[in-house]
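Laid out below as structure tokens are two forms of one and the same protein chain, each shown alone and named structure 1 and structure 2.
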Structure 1
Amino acid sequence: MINLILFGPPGSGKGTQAAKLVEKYGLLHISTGDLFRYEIGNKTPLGLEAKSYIDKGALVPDEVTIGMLRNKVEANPDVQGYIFDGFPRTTPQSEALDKLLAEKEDTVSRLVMLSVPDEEIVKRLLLRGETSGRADDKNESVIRNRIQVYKDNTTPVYDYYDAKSKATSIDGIGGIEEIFERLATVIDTL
């Protein structure tokens, strides 16, 4: 199995590239944002628990997120592997993901980070904000704060997998196909 963590700041192109990776490699794309929306929308026990934290403006505890992730993995045992998008975001989440995969006698194959300069991220998200309707993509100061939160909180995740020789950074600037070829070159070595 190929188990990828697709990593990068908001607006780095993870969703776009994940769709192409699914098509080429037959992997299941697991976006934590999608998981939350599904679980909350279907009023599952984990969704209701997550909503109770979100409604208070609090972070959803890792064990709730891991529970949702576990449900998704267990519901799809016959895939070629997984693309984890938006998770893990912290070192404890990385450890929890490793434990979940180890229970299935599997492991993270590679963390691949799409490296994109801050100014390009701001430009991309403001452009996306014009068409997506997402309020958090329309305000430059909010975007810059999201970039800083990403840097502060998620950089240790890259370091965690880098210490295991499982992290790679690729240039996230260029055309969609050009970036995809860089990703495919890394994945083909797995």
Structure 2
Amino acid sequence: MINLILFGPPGSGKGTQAAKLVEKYGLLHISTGDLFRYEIGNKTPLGLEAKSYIDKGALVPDEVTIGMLRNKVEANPDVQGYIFDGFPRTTPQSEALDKLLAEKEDTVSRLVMLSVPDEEIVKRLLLRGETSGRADDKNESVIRNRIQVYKDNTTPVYDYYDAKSKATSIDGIGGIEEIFERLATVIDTL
């Protein structure tokens, strides 16, 4: 099993790269952002709750997010591995993921961070907002809030896996293929 955490700030290209990784390595892509948007689209109670946080650029509470992630993993046991995209985003989520994988006698193989500077992120997200239909990409103050939340709550996740010698940072600036090559180089060592 390869259990990869694709890490990085909002707009760092995780979704784009995940799609290419699925093709090359046959892993199951689990994006908590996509799962929330699916629930929101279906107007489920979970979706309605998540929307109130997402629209502000805040994180959805850990217990909600962890429960949803656990359901998705447990519904798909027979895979070659997982790409976790947008999860874990807090230290308690990291601990929950480790516990969930340990129950399957498995573990996180590696966290790879796509490193992209703030101003590039704001530019990319505003551009994405023109076509993505995502309300959280349209408003610069919501985008800046997401970046701040990333710095405050999410960067500790990097340190958590770095302390286990499982974290790698790669340059997230460049062409899609170029960045994919950098990622593949890391994954091919696993």
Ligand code: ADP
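For numbering, take structure 1's sequence and count from 1. Here the rigid core means the biggest group of C-alpha atoms that line up within 1.5 Å when the two forms are laid on top of each other. What you are looking at is a predicted structure, and each value in this text was computed from that prediction instead of being measured.
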Give me a 1 or a 2 for the form predicted on its own. 1
Rigid block check between structure 1 and structure 2 (Leu126, Glu39): no
Smaller rigid part, angle turned between structure 1 and structure 2 (C-alpha superposition) in °: 35
Could you tell me the distance the CA of Gly67 travels between structure 1 and structure 2 after a rigid core superposition, in angstrom? 2.9
Once the rigid core is matched, what's the CA displacement of Gly47 between structure 1 and structure 2 in angstrom? 6.9
Lys56: how far does its C-alpha move between structure 1 and structure 2, core aligned, in angstrom? 12.5
